[in-house]
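In structure tokens, one chain follows: the form predicted alone.
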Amino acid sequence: MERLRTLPGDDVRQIMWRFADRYDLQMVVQSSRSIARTTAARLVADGARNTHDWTPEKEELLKAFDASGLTGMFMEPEQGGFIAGPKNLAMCLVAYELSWVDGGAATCNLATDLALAPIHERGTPEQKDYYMTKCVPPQPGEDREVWRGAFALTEPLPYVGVDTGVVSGKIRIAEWKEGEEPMIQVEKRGRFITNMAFANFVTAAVNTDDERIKSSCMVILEEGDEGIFDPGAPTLKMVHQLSATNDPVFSLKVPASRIIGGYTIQDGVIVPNYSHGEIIAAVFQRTRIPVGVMTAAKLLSAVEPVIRYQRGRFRGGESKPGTPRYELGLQQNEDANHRLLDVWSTGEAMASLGFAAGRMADEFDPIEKEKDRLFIEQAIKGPRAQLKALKPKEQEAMEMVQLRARPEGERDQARLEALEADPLVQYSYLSAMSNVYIPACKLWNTGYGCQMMREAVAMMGGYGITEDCPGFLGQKWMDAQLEATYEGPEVVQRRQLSISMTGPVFSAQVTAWIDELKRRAQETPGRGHCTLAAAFELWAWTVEHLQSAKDPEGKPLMHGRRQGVTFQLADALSWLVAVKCFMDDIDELAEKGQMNPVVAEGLDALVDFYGDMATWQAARAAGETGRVAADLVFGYILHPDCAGECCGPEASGNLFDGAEEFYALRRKVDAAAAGARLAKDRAAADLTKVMIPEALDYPL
């Protein structure tokens, strides 16, 4: 039987990640890849990472971004950009390509986009036009410098958008002459601020320090403003050295028109239209996705160098060409192939989750704008009023999920179309889903991804922690640790997930997924759908059980402060959602690959390989879910004094209400893993035969 021939190429990725019909995104990929494998790779190979300072050599990255068009990618065409509409998927692709070589280069490119994001999401039309156009490289005939931005938010900031009181920057009225615009004094110290070495402007989060300013907000600070605009000293970070990071100090007087989103004056008080928490929540809802994709790229980029190292490990000694020792090297050992398959399958699941989140954010953007427009028309203002108005739509969103899950001939198609045409129903659905996908992407990709990156480094032996390790794997391992912290560390993501994972719309979607996976298990057996369905059932049962369970002191287990419970469930859910996205991508490849002549040749073998990989990854996710479920369900029950007899099958059935149902689900999960190791063996065997290039396509 034919199996995997070569590593997946661009045509395969375009289908799996749904941009085969987007020529503009394919050009973005080529531009990013060219910079990554020339300018960025040379900088790393020449030791540019060995200094904290922003050097003329590193400055070449900015010139390359400008020349390739990546600097202006974030802007709309009328502002000088070249992609119309949402750009979350585009940003994910750029992050993926640059991080394939160096995560710092990706951060350097994305940092100005992050600085512009508050303006993009909540800025006034005047603010958007002014700053977006200044950040586009000059066109022929223009005589100006391109502006660069930095995003200043004091860290650490637990659960951005909720704990707003932790902002240390302050604003107060500096001068307010009658009939003129108020001038405000901004005092802000930033820490670990990217792009600060060369930023012309900063979007900074500040709190009010004046009773004449009602709330916190974000303000725009410019290099030429009156006062102190001190970039500060370089941060002594050990990672992402191809991006400039400083600890700046600002003490500036700026007009109140720099408040992002504008303001009104009510009874002599400046009332910002948006608090800093509202703006940051909108920004991080999207910008966390590319960070998760960055770590996925690292894992997938490790596959080829590790295979090459394993095969060549014993060449040059006494082994002779044609012998297994010479041709396969370390790949003679099952363990080496199994460990690499774990890295690869994790990277695939991460990438699938990240790009699914990016596409979802692109879908969500226009829906959110339409929601905002409708609420303005209806004079519905403020988060509480909006939540109240959206509550009825939540039920309709659940109805839409249930209708979508039914076969076409068995559902009310007219009702489904009516629900799908309602922007507020769509908003309720996409909001619920993105509040799971995005934190799960950031949490699992960067957190577990960092652990798996260590595994990739370990497979290179001592070579893995040298500067000249092929693929720069040692540097990528260290960089991954920072990605787990950027834009909200793991605890922030777990906290958001622990709230959103119990929402009614997402719960309805989980039920629909279980039915869908069971159906797909019958249609395309051997791809792990059955295993994943069983794991989702166990996870959902455990959540429902814990919502009413209490500990021996009568305290509820499912509570915001019981992070030993909620965070564990959030971790398990992230495993499951990532595999679900991976399976969706494989199904997409199997369906659409036949229409691409390049992919069609060898498609069955590739799908079989991916199916085995997904089966194994589903078994891993199910195992993790089973461990967490048993830990939480039994862990808060007092162990009876029974000299070991209580753990028998008869006695244990009485330990809690619903025990038999739980045992049945556990048995189902265990049984659903049947064949997973065989699938892993097949996929691991493919690693010994797949063809790879003679050398990496970037310098070492």
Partner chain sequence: MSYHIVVCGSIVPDPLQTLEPVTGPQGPALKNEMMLPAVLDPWAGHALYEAANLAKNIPDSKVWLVSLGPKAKLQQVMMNVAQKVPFELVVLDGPAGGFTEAEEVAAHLAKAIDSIDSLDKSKLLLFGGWQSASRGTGAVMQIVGEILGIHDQFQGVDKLEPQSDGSLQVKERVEGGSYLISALSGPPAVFGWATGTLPEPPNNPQVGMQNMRFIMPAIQKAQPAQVGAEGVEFKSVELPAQRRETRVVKDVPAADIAREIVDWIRG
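Residue numbers count along the first chain shown, from 1. What you are looking at is a predicted structure, and each value in this text was computed from that prediction instead of being measured.
One more form of this protein, predicted in complex with its partner chain, exists but is not displayed; see below.
Peer 1: Which of these residues, G503, G602, P255, P234, gets a heavy atom within 4.5 Å of its partner chain in the predicted complex?
Peer 2: Flagged contact: G602.
Peer 1: To verify the annotation, which of these, Q185, Q395, S319, N596, has a non-hydrogen atom within 4.5 Å of its partner chain in the predicted complex?
Peer 2: By the 4.5 Å criterion, the partner-contacting residue is N596.
Peer 1: Do S68 and its partner chain come within 4.5 Å of each other in the predicted complex, heavy atoms counted?
Peer 2: Close contact exists here: in the predicted complex, S68 approaches its partner chain to within 4.5 Å, heavy atoms only.
Peer 1: Does any heavy atom of N654 come within 4.5 Å of a heavy atom of its partner chain in the predicted complex?
Peer 2: N654: no contact with its partner chain in the predicted complex.
Peer 1: Taking its partner chain as it sits in the predicted complex, is D681 in contact with it (heavy atom to heavy atom, 4.5 Å or less)?
Peer 2: Although its partner chain is absent here, D681 would stay clear of it in the predicted complex, with no heavy atoms inside 4.5 Å.
Peer 1: Should F82 be counted as a contact of its partner chain in the predicted complex, where contact means heavy atoms within 4.5 Å?
Peer 2: Yes, F82 is a contact residue.
Peer 1: Are all three of L374, Q378 and N435 close to its partner chain in the predicted complex, meaning a heavy atom of each within 4.5 Å?
Peer 2: Verified in the predicted complex; spot residues all out of contact, no.
Peer 1: Of 628-636, 53-61, 25-33, 664-672, which is the one stretch near its partner chain in the predicted complex, taking non-hydrogen atoms within 4.5 angstroms as near?
Peer 2: Going through the listed ranges, the match is 25-33.
Peer 1: Need the contact residues for 672-698: heavy atom within 4.5 Å of its partner chain in the predicted complex, sequence order, or none if there are none.
Peer 2: Contacting residues: M691, I692, P693, E694, A695, L696, D697.
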